[in-house]
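Here you get one chain, nothing else, as structure tokens; it is the form predicted on its own.
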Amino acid sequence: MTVSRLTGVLGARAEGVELGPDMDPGVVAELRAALIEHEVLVVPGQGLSPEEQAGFSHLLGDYSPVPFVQPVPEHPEVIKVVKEASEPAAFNFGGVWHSDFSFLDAPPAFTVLHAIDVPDVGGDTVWASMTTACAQLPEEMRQALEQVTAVHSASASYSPAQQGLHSGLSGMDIRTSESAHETREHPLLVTHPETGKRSLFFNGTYVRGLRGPGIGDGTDEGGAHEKKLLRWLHDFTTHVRFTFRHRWSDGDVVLWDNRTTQHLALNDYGGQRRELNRTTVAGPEPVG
């Protein structure tokens, strides 16, 4: 296996490897190390069945259950991300900046996404490195954010008010619920459990509030500060200088570390079909 960097910030391409459930443990360890180092790893030219993809994901860790999105009936660990050519261009799954299911007590460590049928043009995915963003925080700002926790919730994406949008995707079965309004607090600045590196555990979709000295304390001044800081964090963490953009080809498998990245799928392929299979690997509770 050869690994080559794709940007100066994050992202690498691994070639000369065939993914599957029966891989040599040494190769798996090498692949995992590359994934953690580069945060996003592109492995081209793969042909995994849903069962093989789930088996490969198990080599990286336990299965991470997926809320709200129903799996492929015959493969309970695989969800299909699909938008038909005939469906409205106004909405696509994953089309806002997010880190997969950060609202869980223990969000996924890794996501594995396998391209089955992608558009000739459009439908790229963009990732942003929260490790690099954290390293470039002004020192005074970093010290202040050490005292802040983020309130994560699925309400903006999976509350019943959003059911109409999700029902527009005929190839996906997404069932919203009042449980989406539940909240969980995670530290805003976290330590990676394997590298010890610091990163911002933030995304503008699932982080619905902030708690800390003078922030989100129920006062008008605290609320204004909270709103301003949320906007600043979104603009800062998704700046182009922290990003990597991948142009998909059929057969690509892309793996990424949810603990150190956020991402979005671009919705610029109206009239074209896009289908990918996704599995997720369990991670620990974020630690500040």
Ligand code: SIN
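Residue positions are given as counts along the sequence shown, with the first one as 1. This structure is a prediction, so every number in the text was calculated from the model and none was measured.
FYI, the form predicted together with the ligand isn't displayed, but the following is about it.
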property: Selected contact from Thr125, Thr205, Thr149, Ser199, since only one has a non-hydrogen atom within 4.5 angstroms of the ligand in the predicted bound form; result: Thr125
property: Close approach of Pro107 to the ligand in the predicted bound form, 4.5 Å, heavy atom; result: no
property: Contact flag, Asp100 vs the ligand in the predicted bound form, heavy atom cut 4.5 Å; result: yes
property: Contact of His38 with the ligand in the predicted bound form (heavy atom, 4.5 Å); result: no
property: Distance check, Gly212 to the ligand in the predicted bound form, heavy atom within 4.5 Å; result: no
property: 4.5 Å heavy atom contact with the ligand in the predicted bound form for all of Phe93, Ala265 and Leu276; result: yes
property: The ligand in the predicted bound form: contacting segment from 256 to 264, 227 to 235, 23 to 31, 54 to 62, heavy atom within 4.5 Å; result: 256 to 264
